[in-house]
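A lone chain, given as structure tokens: the form predicted on its own.
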């Protein structure tokens, strides 16, 4: 399914403003030196020339959300009984994500396998997912920290998108990839493409030709598993890490969370918030025992989950889309690409050494 139309650059803001009457419209916006996904406001404008600092994942999995509210009542005569009333707070309304990049759109499908799978369906996530339409902007190239090509993606990948925009001189060729996308493009803001579809295809092909040939990070499961017991390797890998958690909070595919109850007398609410697996408290048990007591243990888990454990559970799909935010925003410039490349080399060296034994 693919229907092409043309959207002039000057028509985007008025179109999004009009859509705001029906959708919650989220778009990349400048905030100081950063670009963040936030609710569209015409006076703030939109930023489509660089990858957003924060991922678009908060639209489907908010940093903090109330799962339900509760109230307790207790009889004042025997037999004393307590009853609890639960009031779920399921999200409502349609969502439009405009200007996501291919890596962010692809990341949504990594979430889908966890929160909307055959065995588990999270009602809060699925409500937002079903209500969301994703309009993705193809990248015009790769930044120095990008590596989508090494994890199965590309700068023009349409995976997870309802509409793919390809930048041309005066605007964008928009191609609908789903029924949601076709419905969105029925708006009068979209003009006939008049043969521009082929030009858009040529642009995407030129972008792909500029992507250098590099070592793939696919099929890493065995390499990383072979290093599981080599804590010396992980000690060296994690040496510069500060355990600040910036990499996890800015990662479009990290989905760990914590749940807390906030009581207020006889009532309260249950809250879900993003959590950080690089924190020493993430796995700290009430007994005081911590199964991941050091940075090395936590780094092994973070990289192992993305490149080994998740792929083993989900048809070899990596839980990394190569956006590079964890590199560009790390205070010590920890480079996960180097860590994975070193793991490949170290595992190969170990295998060769054992072969000679």
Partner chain sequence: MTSNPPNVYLPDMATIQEVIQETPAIKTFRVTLNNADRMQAFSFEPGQVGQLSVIGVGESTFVINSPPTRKEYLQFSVMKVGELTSRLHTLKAGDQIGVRAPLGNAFPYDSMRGRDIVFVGGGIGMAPLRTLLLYMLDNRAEYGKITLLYGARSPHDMAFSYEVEEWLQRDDMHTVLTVDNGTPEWQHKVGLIPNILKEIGPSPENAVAVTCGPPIMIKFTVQALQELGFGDEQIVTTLEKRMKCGVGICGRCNIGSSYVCKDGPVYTLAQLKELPGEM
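Residue numbers count along the first chain shown, from 1. Source: prediction; values computed, not measured.
Not on display, but discussed next: the form predicted in complex with its partner chain.
- Interface residue among 202, 188, 258, 215 relative to its partner chain in the predicted bound form, by the heavy atom within 4.5 Å criterion: 258.
- Note on the partner interface in the predicted bound form: the residue among 88, 195, 232, 93 having a heavy atom within 4.5 angstroms of its partner chain is 88.
- Proximity of residue 292 to its partner chain in the predicted bound form falls within the 4.5 Å heavy atom cutoff.
- Although the partner is absent from this view, residue 159 stays clear of its partner chain in the predicted bound form, with no non-hydrogen atom inside 4.5 angstroms.
- With a 4.5 Å cutoff on heavy atoms, residue 275 counts as touching its partner chain in the predicted bound form.
- Interface membership of residue 285, defined by any non-hydrogen atom within 4.5 Å of its partner chain in the predicted bound form, is confirmed.
- Here the marked residues 124, 263 and 309 all reach its partner chain in the predicted bound form, each with a heavy atom within 4.5 angstroms.
- Note on the interface: of 149-157, 79-87, 206-214, 174-182, the segment with non-hydrogen atoms within 4.5 angstroms of its partner chain in the predicted bound form is 79-87.
- Contact residues in stretch 290-320 (any heavy atom within 4.5 Å of its partner chain, taken in the predicted bound form) are 291, 292, 297, 300, 301, 305, 309, 312, 313.
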